[in-house]
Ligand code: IFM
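One chain comes next, on its own, written as structure tokens: the form predicted alone.
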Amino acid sequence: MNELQLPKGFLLGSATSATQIEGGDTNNSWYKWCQTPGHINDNTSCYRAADHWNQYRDDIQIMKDLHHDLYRMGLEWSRIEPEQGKYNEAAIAHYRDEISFLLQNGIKPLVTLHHFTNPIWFDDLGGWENSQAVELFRKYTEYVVSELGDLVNDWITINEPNVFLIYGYVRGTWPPGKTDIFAMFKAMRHIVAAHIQSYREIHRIRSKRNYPGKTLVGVAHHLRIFDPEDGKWRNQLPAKSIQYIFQDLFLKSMATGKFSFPLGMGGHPLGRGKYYDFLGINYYSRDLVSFKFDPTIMFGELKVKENVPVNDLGWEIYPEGLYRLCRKYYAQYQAPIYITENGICDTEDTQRSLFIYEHLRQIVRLCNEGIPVERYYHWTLLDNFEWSEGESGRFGLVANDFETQKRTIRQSGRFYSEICAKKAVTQEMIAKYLSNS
């Protein structure tokens, strides 16, 4: 196992989302979803989560102790706008204090406006299927950036729109619990338009008010590798089709404003443009695709390769996929790359240190080839409410006892802390943390 030296200026940190860690909010779509038995695998609720709303200063101190340069945090729309058009000044003041405390501790925030959850009033209006959703999200963006834009340069408009829509509108296992692909594409058109309007709004407000620092806005895209199960031609077509629908269509439309089929007929209804300042990539795994005569799944069945390392959820651990995706999409979009999520569900913490090392090794490989990967946000800082998995999906560098809300830094968290401090993996670190890997 070789030493790693990260590039000069490379930044590392961690990522979270508001609903998964804050707790205490009853006004969002996921709280409502949790109330129905069977929706959450372990029957827990996002109402408890990790109590970050009350413990954020202690959690930021943990970040500082772990030498994080960066923190990707989410805002809970339903806290900020609990009723349509009515904003909660106490909630925005809370977020302002949290961001200020990050800055005081030398940690740069990247703020996400939408991470899977909607206010209940928004869903009652039809959610993202309602054409009004675009303007409602723009107004929310306008308010947030007007209140926080002097502190925050870096923004993500929407996290993983593909995952949000497929689980919520096709599989029906997330809110709003639909199984209607036509509803998905309708909602997708509005989400793409909302991103574009939000992108413009963030730049407009920060420019008009002459806020300091360069404004950077993007999307956190969930990207996967879809490889044909074998070389047979019948497996190649569904692999390409699934890749197109799951990620390429989202990337192109949100980056350029082009509404390609089946989203549209190839035009630019909001104008041709470049609606990204960086390419945000959330990467976890690879799927093998084999032909199956079922049009509802694009004639492709997803499988995990046999006899390979997997995480606690059964996802293949495939670090080279990060390399392949960054090379491919940098060639298309030519923008700095931020790894906005990368992590592993590993309750016993037996795989996480090696997982981090192997994925950072791919980043060094990319940088050595001139691909500008500039930031790495590990998912996640601490164990949280992991959507349908509930509290059982343990992704944290820091373990959390949900009953007591006590934080305990894992061995992998110590390893990552040393990487953040040294911007390297030395032989001493390999011997200390990876000798049993």
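Bear in mind that the values here come from a model prediction, so they are computed numbers and not experimental data. For every residue, the number given is its place in the sequence shown, counted from 1.
As for the form predicted together with the named molecule, it is not shown, yet the points below apply to it.
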Report yes if all three of 116, 315 and 341 come within 4.5 Å of the named molecule in the model of the complex by some heavy atom, otherwise no. yes
Is residue 387 one of the residues lying within 4.5 Å of the named molecule in the model of the complex, judged by heavy atom distances? yes
Please determine whether residue 253 contacts the named molecule in the model of the complex, using a 4.5 Å cut-off between heavy atoms. no
Consider residue 395 of the chain shown here, and say whether it contacts the named molecule in the model of the complex, taking contact as heavy atoms within 4.5 Å. yes
Would you check, heavy atoms only and a 4.5 Å threshold, whether residue 284 touches the named molecule in the model of the complex? yes
Exactly one listed stretch (23-31, 55-63, 387-395, 406-414) reaches within 4.5 angstroms of the named molecule in the model of the complex by non-hydrogen atoms, and it is 387-395
Contact residue in the model of the complex, from 78, 198, 353, 159 (heavy atom within 4.5 Å of the named molecule): 159
